[in-house]
Structures are given as structure tokens and as C-alpha cells.
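One chain follows as C-alpha cells, the form predicted alone.
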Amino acid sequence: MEKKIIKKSSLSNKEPSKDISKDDIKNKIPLVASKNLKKVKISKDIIFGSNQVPIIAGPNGVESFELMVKVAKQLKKNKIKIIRGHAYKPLTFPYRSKMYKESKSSGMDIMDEIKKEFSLKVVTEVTEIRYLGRITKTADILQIGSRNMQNLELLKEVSNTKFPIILKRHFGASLRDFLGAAEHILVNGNQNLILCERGVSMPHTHRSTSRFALDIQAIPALKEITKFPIISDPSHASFWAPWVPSLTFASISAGCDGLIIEMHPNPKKSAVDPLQPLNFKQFKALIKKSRQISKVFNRKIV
């Protein structure tokens, strides 16, 4: 009887490891590892992956209309064009303080008003597929938080909107895992992908209140593999406002294509994560210094 020769599939898991192999680049993440420069255009004057370094700034949660107005005014004063505010907010533990409740659809209504009044672009997090319809009525950029990085059904549905997507790296994920999740977005035909480094778990984080450490090395490492924009979130990584400026400047120097900065008029009264937001004075100083540093690398803060 003739013996059949079965060829091994080129998609076999030849070199499974924590790091990215040549086999991975060829067979597992061919879309994310494309050699073509990928720019994500939000508007005519906001382009991730160009010589610009767009800043996304605002509080963690949409606490109130009054809060978001104060934040929006500060952004306009500092010539920042993208506001963040999450109406749907997953927390590490199920218990929420009396200060904070998810504002959900009412929070998105607030962001609608802010967007119209101040002509700002809006970033907000998508936590569940059921909220996607409401969020896409308002948001300009959809954020997938670290805890949902490998929520593949959510990635698929968000990808199908064709909206720009910020995909945050999970704090326990290798770059291999991270780019594998990104491939799930790209395979559905959405090229508007922005990758975000937001800190990883480590044995020591140098301060008792810091849960993560910003992986600055991930920025140049990712740029060796992918041409999609890489942004940095020093606020969530450090969980400590005094470190945010240094980590911001380091991220710019490492070549990041954008930044997420948490800011609040009164950080101590922030309903979520009060240790990490910058106050308005600190934010203004950060933007001023960031503009100076960016010029050294022929880049521009917007």
C-alpha cells in the first residue's frame, strides 16, 4: 500500500517560547510584523506613527460633567487635542468606594457634551461587547484595557467597527502574547491599531504603592518587530504621580509615538486611583518639558 507523506503545516507551533521567534514573525504574526510603516490618522492634525507625539489626558473615570469641563479647559490651554475618560471601568476587586460608581451611558452622554463644546477627540475603554454600540456613538478611539487584552471575542467585535483601537499590554504578558492579541485585531481587517505599554508585574517595583514597572525596553523592542504606533502609559505603570514626568521623558526618548497621562484638578479626591493623577500645574509643567525634549528627536507634542 502506498504510503502517504503528510507535510507539516507551516502554521505548526515550531518554536513556542516566551520570546518572539522567526517562525512567529513568519507564521503567527505576519500582519503585525509588516515592514510597512503604519500611521493611524485620528484627524488631519492628529496622526499616531508620524513625527507627532499625541498626548491623551484626563481623569480615570467620568465622575461628573463639572470635572470633565475643568479637564477639557486645561487641555485646550495646553493645546492637547485628545481627552480620556472611562464611563465603563473594570477594577481589580469587586468592591467600589462610595465615591465611585460607573457612570456608563450617562458618562458617555457627558463625553458627548464635552466633545461638542471643546472640539476634543475622545478615548474611552470598551469592557464588554454589549456596551460597544453606545460607546461608538461618542468615542473617536476605542481602548482595550490590559485585563481584556486576550478577550478574543471582544477584540473581534471592536475590530469590526474599524475605529482606531488602543490595545494595552497585560501586565503579565510577554511581547509574544501582546502581538498575538494584536494579530486578532488585524486579521479582521482593522489596520487602525495603536499598541500601548502600560507596565508589567515584577518582583520589586521600587515603592510599596507601585503595582507595576514601566517596561521602557518594550518600546524599542516592539519597534524592531512592528511598524504600528507604540504609545506609553506612565501613569498606570507607576501608580505614583511624582514618577510620571521622568517616565514620560524616558518614553519620549525611547521613541514612543504617544502618551496617556492621567490628570485631575484635585488628585486626592479622584474617585479612582488617587495616587497617580497629576494636578493641573504638574500637567502644564510636564507638557512644557515634553515639548522641549521632543524637539531633540525632531518630534512634536500635540
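Each residue number is its position in the shown sequence, starting from 1. No experiment lies behind these values; they were computed from the predicted model shown.
Although not depicted, the form predicted together with a small molecule is the subject of the following passage.
- Only one of 224-232, 187-195, 138-146, 114-122 places residue heavy atoms within 4.5 angstroms of the small molecule in the model of the complex, namely 138-146.
- The small molecule in the model of the complex comes within 4.5 Å of no heavy atom belonging to H264.
- In the model of the complex, the small molecule sits beyond 4.5 Å of every heavy atom of T248.
- Using a 4.5 Å cutoff between non-hydrogen atoms, S238 does not count as a contact of the small molecule in the model of the complex.
- Among heavy atoms of N60, some come within 4.5 Å of the small molecule in the model of the complex.
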